[in-house]
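Two forms of a single protein chain come next, each set out by itself as structure tokens; they are called structure 1 and structure 2.
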Structure 1
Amino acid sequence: MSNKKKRQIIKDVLTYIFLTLLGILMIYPLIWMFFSSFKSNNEIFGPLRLLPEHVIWDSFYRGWNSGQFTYSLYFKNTFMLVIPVVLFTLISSTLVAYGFARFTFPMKGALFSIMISTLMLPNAVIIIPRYILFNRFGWLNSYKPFTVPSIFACHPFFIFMLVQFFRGLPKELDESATIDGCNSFTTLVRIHMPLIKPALFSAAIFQFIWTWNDFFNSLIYINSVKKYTISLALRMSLDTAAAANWNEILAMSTLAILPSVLIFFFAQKYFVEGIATTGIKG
């Protein structure tokens, strides 16, 4: 075996060892959270031991049924909020991005610049005018402040991401579809949608995780416990007058992150492909 090949093998082994250690370091908080859900409060805040010394088996059951409502309601509310937002965001952002990428119309550049500039606005700046607006519409204590803006493509990040992907597709595809008798909408559905599937998966995963984990906006617009999402329910568990049962809170936190983790791993192929190709083509 040549010295060059030996050096390459050693380099690969060291790379794999480094990546393995880094991966363990990244997921260790999740592993600690899962095992801590079987510990008592004294063990959680005691020695830095990963495995529990005295296992508490009912933390998931007690945490699920704690409070006025069970977590079945909170999970149901979260899915009722997240799923429409994700679907409406994908549909509206795709249509708007398709228009910016493939059509020419007056003030196209100015409108695109204004749309991109809204990315620079932090949420804390627009939360007050949005609250006043939604209050006048009578949308408070409902999911309309989340779903209605997503219908009208109020998420410029996804529009920009999809525009970059559309621009990477050859315009000859549109011309061929037109020759075959397709109109603009048919070209989008039959020609472009299958090609931008990685970008759509990336946008769906981002929007799902961001909306699922959203605490601030849910706290502002929702004030009825019966309509609380997972993030608000977990925070409510810390507002009790008595000492918090941290094993129950950590158990529910483990279940709360489970959908996001599963969606990411099941759609990881399309997610990585979408991130790797968006904005590079063309």
Structure 2
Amino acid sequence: MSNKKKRQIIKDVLTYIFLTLLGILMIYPLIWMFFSSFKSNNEIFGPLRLLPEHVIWDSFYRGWNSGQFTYSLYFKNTFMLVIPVVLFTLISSTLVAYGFARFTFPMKGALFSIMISTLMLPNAVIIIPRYILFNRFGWLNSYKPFTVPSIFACHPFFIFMLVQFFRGLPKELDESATIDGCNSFTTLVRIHMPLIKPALFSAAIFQFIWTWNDFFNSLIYINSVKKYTISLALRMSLDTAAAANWNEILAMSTLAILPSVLIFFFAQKYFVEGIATTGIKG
């Protein structure tokens, strides 16, 4: 018995060692990025030491102010794009999910199947006509190609996720709300929304991070540097860094992922909840 117990302990210790090493391997690149922004360029490509030998303090300042515009503008632009997209996505997806989850109407099954199948529709096959369409609307070089589709619930992932949550709420709630004089909309706002708050929260942070990190769409739709998002600005810095100001680029990259990392750590449980209930992607 005690022998068996001993074996179990050894096994547990080995498992922890493995998990910890893997964890270090996963996180080390990010830690390295942070510390390397304080290194000189020679030191970035050189010794293995994690901490800089000579701390360079101004790489953040110089990186921020490099180029035609400062990163203040790029951060502001990114927020101007991301925040409306998140808000519109939440509102539209909630309405649509409520419609699918709580009412019976003609063609509901077919429409729901279509909605689910658009989850699998490759973006690559619709991107060119979308570009042509937005060009005709005069939306290029603005954030409308991002915001307007989110008003029209063009992110089926979130509809699906919220439908799952709505289905978890007992129908008796709706009935008693009706008896208390609520119509369908006030039932949604007063009864359902408070109950699905965690789901709304996960949807918000997912959409925030995905939109924040988006590169392909920004690359296509935005072409003046004045409107650049952080993704585009970083890529531009990388192209123009002929003088090899590597620490500045790493410093700006660190700042670029900072909002996502902070949100991730503060709202950790919502991520896991969101992903586990829909079981889709991330």
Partner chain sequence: MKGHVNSKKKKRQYIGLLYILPWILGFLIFQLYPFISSFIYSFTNYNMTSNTEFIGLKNYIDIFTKDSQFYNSLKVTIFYVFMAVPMKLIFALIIAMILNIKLKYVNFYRTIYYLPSILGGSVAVAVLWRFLFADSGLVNEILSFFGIPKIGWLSNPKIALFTISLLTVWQFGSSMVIFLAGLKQIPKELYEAATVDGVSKAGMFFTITLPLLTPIILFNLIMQMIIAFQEFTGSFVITNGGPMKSTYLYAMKLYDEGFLFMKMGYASALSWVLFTVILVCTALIFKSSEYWTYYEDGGQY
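Since we're looking at a predicted model, the values are computed, not measured. Whichever C-alpha set is largest while still superposing within 1.5 Å between the two forms counts as the rigid core. One-based numbering along structure 1's sequence throughout.
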Quiz item: Do you think the form predicted on its own is shown as structure 1, or as structure 2?
Solution: 1
Quiz item: To one decimal place, what C-alpha displacement in Å is found for residue 7 between structure 1 and structure 2 with the rigid core superposed?
Solution: 8.9
Quiz item: Core-aligned, what's the Cα displacement of residue 265 between structure 1 and structure 2 in Å?
Solution: 2.4
